[in-house]
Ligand SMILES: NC(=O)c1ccc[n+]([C@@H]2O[C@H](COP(=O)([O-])OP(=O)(O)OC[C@H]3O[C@@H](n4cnc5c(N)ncnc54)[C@H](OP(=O)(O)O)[C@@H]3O)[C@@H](O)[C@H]2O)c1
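Next up: just one chain, as structure tokens, the form predicted on its own.
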């Protein structure tokens, strides 16, 4: 009998609250706003960023009615329901706390902050204030990710024994670029490594043991990192990231009775293949997400999910909890410390 993949069930964009969004930053936010306006009922009503001229051009390009003079003005705008923070990592904590203090729901680009302590401070503040707070790990809201969750819940590959995921690219050294600047949160782990580490967490949870091997590059940022994570279940995960090597950008979950492979790039809309059985006697089924021409159009899935959770009065995402977010940042903390020569990295337990 041939394999049949489950049908992903996602929130209907027309059935969730149509929220008014304020945007801080105009980098990755360009792709987010394009997807939000093209594929959801959500709308951006205000934007702010450091460069006034670029911000005005951004607003005109996306049909955003207001340009706020400052972060403070945007988060205190009574016509903004939720704030999307898309600035460099070191600014996330201050801006998120300002939005939370103003009573706004917050979606914060990955990584949510610069450390597990900062991540915990942000999520705790949101819970105390009674607003929804999450990290913009859009991978968690894709149809292929929902198929993965359904397969694992059904025991489709038996006992999970290994998770692998990678994300790396070649980035020529430029001391002025944020990726090579420690003050701007540079390095592979915070920028790209958060994806494979978060993928492992989505399947296996919090590791009990963290082993890191990596190298510093120019500017004393982590240029590459390979992490071996162990779990109480006996399963392991291998996560790899790099600024100096173009990696396949794929992910797999391997179990006692088969495997599930997320196609490249696994972090965005791509596809999923379920394989059951062993060598020479296996069966496969594949689903491809061909809805979009550009991969980042899939950011709309995340915006719709966030609106649905806010509509339900939730404080955190049920598929990307606060503990999960803090746990991933802890893994990154340990790995960065190990590569930076600050100690740790060999058999370091999670809290």
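Treat the numbers as computed from the prediction; the structure is a model and nothing was measured. Residue numbers count along the first chain shown, from 1.
Note that the form predicted in complex with the named molecule isn't included here; everything after this is about it.
Stretch-level contact analysis of 258-266, 233-241, 120-128, 90-98 against the named molecule in the predicted bound form, using heavy atoms and a 4.5 Å limit, identifies 90-98. Here the marked residues 109, 195 and 299 all reach the named molecule in the predicted bound form, each with a heavy atom within 4.5 angstroms. Comment: the named molecule is not present in this chain, but in the predicted bound form one of 307, 44, 326, 49 has a heavy atom within 4.5 Å of it, namely 49. Scanning 86, 160, 148, 74 against the named molecule in the predicted bound form with a 4.5 Å heavy atom cut-off leaves one residue, 86. When the named molecule is considered in the predicted bound form, residue 28 lines it closely, a heavy atom lying within 4.5 Å. Under a 4.5 angstroms non-hydrogen atom cutoff, the named molecule in the predicted bound form lacks residue 274 among its neighbouring residues. In the predicted bound form, the named molecule sits within 4.5 Å of a heavy atom of residue 54. A residue is said to contact a partner when one of its heavy atoms sits within 4.5 Å of a partner heavy atom; residue 141 fails this definition for the named molecule in the predicted bound form, lying far away. In sequence order, 178, 184, 191, 195 are the residues of 170-195 having a heavy atom within 4.5 Å of the named molecule in the predicted bound form; the partner itself is omitted from this view.
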